[in-house]
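Starting off, we have a lone chain in the form predicted alone, written out as C-alpha cells.
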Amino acid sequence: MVKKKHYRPAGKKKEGNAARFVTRSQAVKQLQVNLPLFRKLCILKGIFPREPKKKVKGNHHTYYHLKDVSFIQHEPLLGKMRDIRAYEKKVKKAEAKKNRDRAIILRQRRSTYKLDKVILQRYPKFIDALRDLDDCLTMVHLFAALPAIEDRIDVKRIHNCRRMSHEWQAFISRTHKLRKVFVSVKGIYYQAEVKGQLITWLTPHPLQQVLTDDVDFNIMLNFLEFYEALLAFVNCHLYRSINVKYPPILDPRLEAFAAELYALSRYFDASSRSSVLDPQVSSLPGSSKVDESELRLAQLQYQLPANEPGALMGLVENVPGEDEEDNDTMMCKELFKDMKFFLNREVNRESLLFVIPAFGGIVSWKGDGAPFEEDDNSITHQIVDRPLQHELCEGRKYVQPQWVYDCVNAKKILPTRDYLAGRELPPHLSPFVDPKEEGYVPDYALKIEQWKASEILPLPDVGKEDLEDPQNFADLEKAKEAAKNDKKLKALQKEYFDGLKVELNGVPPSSSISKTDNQISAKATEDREESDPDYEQIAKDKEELELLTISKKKRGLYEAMKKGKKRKHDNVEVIKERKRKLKESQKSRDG
C-alpha cells in the first residue's frame, strides 16, 4: 500500500527554519516599530542577523531568530522608546501650531532613559566587558577627534567622548598597563593589558577631520550611545579598584589649556596622598556624602604645586587597594625611569603625554600649564620633529618621536644615533606582527634582537660603548662564531680521547680489519643504499592517500591552507628580491 504524502493545511503551525527565523520586515511588524528604532534596539541589545541554512523567503532578505525578536519584545526599553516617540509628536504639534512656550516647556520635561540594566544583562561579569572593549574605545576616540556639526553631531557628545577617552588613558598610564604602540597611516594603535585581558584600540591622528555624506551617522551614534555607557561603567570600576573617586574633579585652569591628561595625573596624585595620609576616611560613617568628599579632593588637588613634575610619575608607593604588579608592569614602570622629556610644539602631544608616563618618564611641553620649562637643566631628552633652529643644550639628546615608540615596543632603551634630529629614521616595525611566523625578519628587527642579547648575555672584553655602536656588531658576530667553533673542536677532541680509552681497555683497533672485510662491507653498504626506499616519495604517497580518505570540506580547507602558505612564501620572495635590487642600486650609486 502506497502511503499518501502529507500536505499541511494553510494556517497551521510551521516547522523548521520557517518557524525559527523571520525576516526583518516581519520582525518590524511584530514589534510595531519603525525601521530606525528597530535598528537602534538591535544595537543596544546586541542582536545581529542570522544566516539560516535554508532561506525560506529567498536570498535577498535579512533574517533574525524568532527568540531574539521575542527578547526585544519583552524589553522594558521598548515601551520607553514608544513613550518618547509619542512625546516627540506632542512637541512637533506644538511647534506646528506656533505655540513656542508650550514647545519649550515640553522640551524641558522630555523624559530620558538609562542603559545600566542593558549593560548588566549583556556583561554579567566585568571581564566580559573588558573583552568587548576594543570597538568601544576605537569609536569613542574617533568621535573625540571629530568636529561638531549642527543637526548631526552634538558638541556635548564630543566633549563627553574626549573626557572619557582621557580618563581611560590616565588610568592606563597611571597603572603602567600599556604594552604596545604602533603608528600607522590609519592612526595610532595601542594595546594594554587590564585584568589579564589584552585590549587593542585605534586613535586617529590629530589632524582636521573632514566628514563625508556617504556615512550614516545615525547608526554610528546609536553605537556610540551604548559605548559611552559601557566605557563609563568600565572607568568607574577601574578607578574604584585603585581607591580613586569617579568621576574625577579636574583643575579648570588646566582644562582651559587642553591639558586634561596632566590634570588627571594631578588628580590621581591628590587622591593617593589623601588615601596615604588619612586611610581611615573611607571607613567613617559620614564618608559617603558626595559634597564633602568632592570638596576634600578639590582642596587637596589645589594644594599641589601648579608645576609639580612628580604628578606625572604614576603610582605612589604603598598605595592601598592596588593589585600586585607583575613582571611586565614592573618592566614598563622602569623603562623611562630617571628620564625627563620635553616636547616641542610640532609633535603629537597627547600621544606622548600618554605613552611616556606609562613607562615611568617625566614629561612637559611648550605651552601654558606645563610642569617645567624648556630651559630646565635636568631635561635628558627633547622630542623634536623639525630641523633645529636654536643652539643645542649640553647634555641633552634631541630625538624624533619614533625613538619613544620603538623603545616601548622593544622594552629597551635603544641607541639614539639613528633617531637624532634631521637623521633618516629606521623602519618603524609593527609589534603586532611576528616576523618568524611571516617568514621574513627585517634587518632592523635582527639588530634590535642583537642589542637585547648583548645586554642580557654580554661577551667578554666588550665594553658598553662597543655595545651601543651598531657598527661593531659584525665583530661581535665573528666572536660568537669563533666561540661556537671552539666548542665543536673541544667536542671532537673529547670524542677522540674516548675512543683511545676504549682501545686501551682491550677493544681491537680498527686498523686490524682485513682489506677483504673492508671490500665486503663497502659492497654491502652500496647494495643497502641502492635498496633504500625514497622517503620523500613515500611521504608524498601517504599525503595523497590521506587526502583521498578525508571529506571534501576538510580537503578544501587543506588546499586553502596550502595556498595561503604558498602566497606567504611568494610575498617573502618578492620582498627579498626588492631588498636585493635596492642594495644593488645603492652600491651602484655609491660606486
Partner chain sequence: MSGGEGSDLEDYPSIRDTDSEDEESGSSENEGELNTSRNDGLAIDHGNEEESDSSGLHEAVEESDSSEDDEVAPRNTIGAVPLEWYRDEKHIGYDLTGKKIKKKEREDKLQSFLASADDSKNWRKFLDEYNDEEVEVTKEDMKTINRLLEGKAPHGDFDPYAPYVDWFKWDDSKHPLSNAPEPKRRFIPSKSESKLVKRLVLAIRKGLIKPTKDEEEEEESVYPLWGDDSNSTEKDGSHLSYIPAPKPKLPGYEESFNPPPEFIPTQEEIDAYQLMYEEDRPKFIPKRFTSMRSIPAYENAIKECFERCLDLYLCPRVRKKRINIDPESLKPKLPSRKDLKPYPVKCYLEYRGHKDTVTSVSTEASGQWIASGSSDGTVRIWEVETGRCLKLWEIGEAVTYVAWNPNPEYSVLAVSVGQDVLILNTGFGNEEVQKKTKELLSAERPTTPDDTATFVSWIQDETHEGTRLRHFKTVSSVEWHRRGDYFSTVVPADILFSVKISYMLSLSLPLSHITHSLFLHDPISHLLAFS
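Residue numbers count along the first chain shown, from 1. C-alpha atoms forming the largest set that superposes within 1.5 Å between two forms make up the rigid core. Since the structure is predicted, the reported quantities are computational estimates derived from the model, not experimental observations.
There is another form of this protein, the form predicted in complex with the partner chain, and it is not shown here; the text below is about that form.
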{"item": "Stretch from 372-380, 198-206, 330-338, 78-86 whose residues place a heavy atom within 4.5 Å of the partner chain in the predicted complex", "value": "198-206"}
{"item": "Proximity of residue 234 to the partner chain in the predicted complex, heavy atoms at 4.5 Å", "value": "yes"}
{"item": "Partner contact for residue 402 in the predicted complex: the partner chain, 4.5 angstroms, heavy atom", "value": "yes"}
{"item": "Touches the partner chain in the predicted complex: residue 191 (any heavy atom, 4.5 Å)", "value": "yes"}
{"item": "Partner contact for residue 415 in the predicted complex: the partner chain, 4.5 angstroms, heavy atom", "value": "no"}
{"item": "Heavy atom of each of 114, 139 and 554 within 4.5 Å of the partner chain in the predicted complex", "value": "yes"}
{"item": "Contact residue in the predicted complex, from 420, 453, 388, 433 (heavy atom within 4.5 Å of the partner chain)", "value": "433"}
{"item": "Partner-contacting position among 407, 242, 220, 250 - heavy atom within 4.5 Å of the partner chain in the predicted complex", "value": "220"}
{"item": "In the predicted complex, residues of 555-587 near the partner chain [heavy atom within 4.5 Å]", "value": "557, 558, 561, 562, 565, 574, 575, 578, 579, 582"}
{"item": "Large Cα shift (2 Å or above) at residue 35 between the shown form and the other one, core-fitted", "value": "no"}
{"item": "Cα displacement of residue 558 between the shown form and the other one reaching 2 Å, rigid core superposed", "value": "yes"}
